[in-house]
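Taking the form predicted alone, here's one chain by itself in structure tokens.
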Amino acid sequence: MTNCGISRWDDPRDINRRLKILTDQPIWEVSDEYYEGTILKYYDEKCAASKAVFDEAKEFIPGGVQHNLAFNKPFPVCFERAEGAYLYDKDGNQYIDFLQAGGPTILGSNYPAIRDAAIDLLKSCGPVTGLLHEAELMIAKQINHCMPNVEMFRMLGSGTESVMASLRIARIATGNKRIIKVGGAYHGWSDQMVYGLKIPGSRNLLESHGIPRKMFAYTDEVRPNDLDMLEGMLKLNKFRGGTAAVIVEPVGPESGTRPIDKFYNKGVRSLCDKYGALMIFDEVVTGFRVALGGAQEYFDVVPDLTIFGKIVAGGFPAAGGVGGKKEYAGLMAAGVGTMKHRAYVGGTLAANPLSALAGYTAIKEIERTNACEKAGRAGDRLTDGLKQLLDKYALPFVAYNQGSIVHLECTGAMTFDFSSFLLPKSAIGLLRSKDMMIERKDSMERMGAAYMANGIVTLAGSRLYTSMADTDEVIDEALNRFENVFKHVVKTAKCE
């Protein structure tokens, strides 16, 4: 396999064992003395310009930020420059960037070849015409070159839209109604997919506010890494309208936060074939990151449909798309008023020339530079270094990675699982544990604030994405900064 970013696959049973040890004990976090005397002091003294922007933004923007990833304790830092492995805030402070815009910039931030291509296009065409542009064809052909299973590709505005389109295609193709997802997985924020979000077994009880319960009538949830439960649901659905599709994040729910067995996806593929359901790979995060051919190449599994996002626009907006075999992808509507039996999808700014060209250029550069492998090696080096530090300071935190997707669980806030609960006890169990979940989430964000104050940007203090720009020197410097935090971590009386 060429240009693959995953060099090893940890046993999910060992990871889950260590995560259980973490959540079975009180919270470990930076001490109050360090947090209040050093971390908060950094924000007060070094991030005054960011604080001013945020204070004014709260008057005009709900919550003060336009993107969920932007909010961090004690307030969001305002960034104004990105270059390679680094970000620079409005006050001029430098940070090592392990957020990578949520995953799309595997080449490094503001990559010159993508930037130059975008500038040239803006000079000649502008960002959007609403009409056909050759860049649409270029990116579709390039995706097919890297992922032969994606015979046709339709670019859309986001991963959420792409999931919505894939479910419509699956229902038309199979004539069935029901969709099975894995508990804890994130497939965007459309009504029917905000179900079992983040916490397996939570169904529509945690974050499904503003959504009528009947919207989940045809959505089913199964436990992560449990093929027996999946087959049981497929059997049951034969009497409830049939299963149109099983949708998975191929490295496990929440970008591998809940790790799976390496052969789980092959098992899902086999069951989909057995029960006549389409298999949908949500490769929003993994596509062109874990391997040039995506997770489907790494796992040697052929999905019927593939969801794209993140890298597919090279870090530019309108990052989304759905593709697959012609017999399925061809079921999307094309043209105006065709009146054919097709899945209606659209988007005024979808596949705009700017984003399509940026995505094409990014994928070409990923192939040329062997970026997946380089970013994966950086992820291995970071994870191994974190493990050594955790041993050095005798911390129960859990570090593991799927190539350039690195997980650092300090509180276990994302490891709760309610999929063993049965209604009506499920609601009671969730309510009893809600306070504990909130407390661990608060502690996770507190750790994230400590990392940020030491010049490390993470995703909520628990996930990190590495890029090709993360040289050995960058990773080693990051580990020094992590050590500055870990040496101040203490065991608390929280959640006892």
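Keep in mind that this is a model prediction, so the values were computed, not measured. Don't overthink the numbering: it's just position in the shown sequence, from 1.
Keep in mind that the form predicted together with a small molecule is not shown, yet the notes after this line are about it.
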>> Looking at heavy atoms inside 4.5 Å, which stretch does the small molecule contact in the predicted complex, given the options 233-241, 141-149, 278-286, 215-223?
In response: 278-286
> Does any heavy atom of Gly84 come within 4.5 Å of a heavy atom of the small molecule in the predicted complex?
Replying inline: no
>> I'd like to know whether Ser158 contacts the small molecule in the predicted complex, with contact meaning heavy atoms within 4.5 angstroms.
In response: yes
>> I'd like to know if Arg258 sits close to the small molecule in the predicted complex, meaning any non-hydrogen atom pair within 4.5 angstroms.
In response: no
> Is Ala319 one of the residues lying within 4.5 Å of the small molecule in the predicted complex, judged by heavy atom distances?
Replying inline: yes
> Which residue, Gly267, Pro74, Pro396, Gly188, has a heavy atom that falls within 4.5 Å of the small molecule in the predicted complex?
Replying inline: Gly188
